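Here we start with a single chain on its own, the form predicted alone, put down as structure tokens.
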């Protein structure tokens, strides 16, 4: 039978290596974001990339109990006091394209728009205008813009400013900014949200589109563990009650 193959981690009776680096050396001299970068990209990040990935993980960690992943984790923690992993896992399973996973779709969109600009010999701004027009014609919503809670997502400007300061901002940041401007001109002001921002930064750092979802999950699990711990520490079991309004048929006799 063929063996599984992996280029990530190796070990023997006395040592562990991550992507070839001895784990003790990483523990002493590398940060957690640097190790996340190493595992996903195969090499250690530059100082600027490390700083940006740290910001992405912090920005993704939590967004209060109303976020679907957090609400799900706390609901399971309220009903199942025996399994911490079940509650955290349930929260992770609530992450999808509608919540926390739009970064993947946004990275794919950025890639298409940037490629169109190169292939057609047009500016990124014109490619963004074309993409917005195509989305409107097909009735599709572009991912990475607008927020249910914020008129302006407070995390975005911080991340973009940092990317420019450390020299990482490239076509990803330029493309998402151009699409935001094209949307404002053609539809209405829809500021970039955290999914769009992390997608732009990860694109500029050379990550594949799947990282837009995966690295959000890395950050969010930190928040979920804290939310589950708080639910166990501060709340009684089975305390969550949703305001359900019944709108079905009234009571009736069985024939």
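Since this is a predicted model, take the numbers as computed values, not measurements. Think of the rigid core as the biggest set of C-alphas that the two forms share within 1.5 Å after superposition. Numbering follows the first chain given and starts at 1.
In what follows, reference is made to the form predicted together with another copy of the chain, a form of this protein that is not presented.
Contact annotation: another copy of the chain lies within 4.5 Å of heavy atoms from the stretch 92-100 in the model of the complex, the single such stretch among 127-135, 172-180, 92-100, 110-118. The closest heavy atom approach of residue 186 to another copy of the chain in the model of the complex falls outside 4.5 Å.
Contact check for residue 229: a heavy atom falls within 4.5 Å of another copy of the chain in the model of the complex. Proximity of residue 123 to another copy of the chain in the model of the complex: non-hydrogen atoms within 4.5 Å are absent; the residue sits far from the partner. Taking non-hydrogen atoms only, residue 205 never approaches another copy of the chain to within 4.5 angstroms in the model of the complex. If you take 227-247 and check each residue for a heavy atom within 4.5 Å of another copy of the chain in the model of the complex, you get 227, 229, 230, 234, 235, 237, 238, 239, 240, 241, 242, 243, 244, 245, 246, 247, in sequence order.
With the core superposed, residue 245 shows a C-alpha displacement of at least 2 Å between the shown form and the other one.
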